[in-house]
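The structure tokens that follow cover one protein chain in two forms, given apart as structure 1 and structure 2.
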Structure 1
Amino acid sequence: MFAAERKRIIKKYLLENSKAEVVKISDILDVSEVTVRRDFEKLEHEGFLIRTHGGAILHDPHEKTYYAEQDMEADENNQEIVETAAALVKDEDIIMLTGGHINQLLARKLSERQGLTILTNDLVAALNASAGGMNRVICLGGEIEQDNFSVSGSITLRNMQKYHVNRVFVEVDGISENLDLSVSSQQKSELIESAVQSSDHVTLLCNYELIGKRAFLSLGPITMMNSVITNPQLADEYKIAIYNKNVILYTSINAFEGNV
């Protein structure tokens, strides 16, 4: 069955029932649950439904939703990073998401889970994570940065220092050819440094195209991170270099590379 026909059947079912379970739709369409989840994800991007834990509900156009504009254009490379990151999150984990588009997507993915505690300074990530209503979401507070929908400053840092998390997912703005990390502002640098100190495990999320670029402010070497999640397209020379620095490297949801 073609994707367009599956989507038509899913839409018809939701219009008649207002909600749908992945297992039920999988049986109706005679396809895997993974395929159904992907169809739900595409229909969510179209604004037709809202994904929930184990299913989806029909989107009410009169209710206000909060998703970054870039989410509608998210490519498969970022989605693969998100799937891999979500697989590392354990039930009842306390995690921190720093500001960034991939973390906004990850927050939406984690809204399908339950029992997590999610800290973030990213306003879009906070709203995305709370969409399912089954996790505890803590927005760190502080001064709003209008250009990237996040909060920063002394209040944010003080609040971050109150918590200890199992894992922090970090995004940066540049990674040099020598694998040094850089960010766009002092505020972002300070928050990441504080989050690193408050976490058991630090994971860098980055599209492979970011490597070889530099941002305004040096953050530190990639060895600040315990692990890196990126795309399989990453050049072999960088894969080897990351491995040699004793940093775990994940390049897909199905194939983990490095010291796993």
Structure 2
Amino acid sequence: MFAAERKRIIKKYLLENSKAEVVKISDILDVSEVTVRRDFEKLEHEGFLIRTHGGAILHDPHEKTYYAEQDMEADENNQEIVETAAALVKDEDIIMLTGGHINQLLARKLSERQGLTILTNDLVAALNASAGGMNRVICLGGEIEQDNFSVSGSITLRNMQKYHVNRVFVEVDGISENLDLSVSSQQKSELIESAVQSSDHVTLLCNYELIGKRAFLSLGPITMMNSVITNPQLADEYKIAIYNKNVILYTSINAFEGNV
């Protein structure tokens, strides 16, 4: 029997029973248990099933996991960026945080400080920032985007226009190889544009792994940023490219700076 045939049978079995025991499948297919395990391994890799002691169960993509298998490494990289960003914030600064995971972490970090004014459209960031009780936190109003806990839309933009800030920390959803920024929705794009206009200095927060990925909506070239904070792992070619575009680059620990 061919491997592909076994796979097909296993899939069929799983779809019917939603679970499969190694012993049972080994019996049905008349192959050794090792082979079944190896098949399971491949199918797990394909995302079809989840292996478990004794067998496997059907993979349910909609299953609620919360932050079960959070990527610890990405998290550490983000934390690195947060530390650098926080160091750039001066006491009594008025800053804006656009929505995103790194900004949520930054907000939490800044909640330890005092005397800051923090403006944001991300509800989680707003709550994080207000935790310490020593800063002034302003949350923009508007309709909540379903997947990312931030508000957006015309109300948000109108709210935003009333403010002027010293510095805005921006997160995007993709950065192409020639350093063009992109985001996943029209609303996000509009908000970032508005925030950029309302700020003296614009800083991009970006995990180095984001580079090379493209999101749905093009936002503009990286030169719309005054500075970028990313991880040291960023490939040298990008470091040089950013430097040549006169954007300040902070790679977490050691800064590799161009002109302002």
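Heads up, when I say rigid core I mean the largest set of C-alphas that superpose within 1.5 Å between the two forms. Please read all numbers here as calculations on a predicted model, not as lab measurements. Numbering runs along the sequence of structure 1, starting at 1.
Of the two forms shown, structure 1 is the one predicted alone, while structure 2 is not. Once the cores line up, the CA of residue 13 ends up 2 angstroms or more apart between structure 1 and structure 2. Relative to the superposed core, residue 198 shifts its CA atom by less than 2 Å between structure 1 and structure 2. Superposition of the core reveals a Cα shift of less than 2 Å for residue 239 between structure 1 and structure 2. Here the two forms are laid over each other by their core, and the C-alpha of residue 26 is off by 58.8 Å between structure 1 and structure 2.
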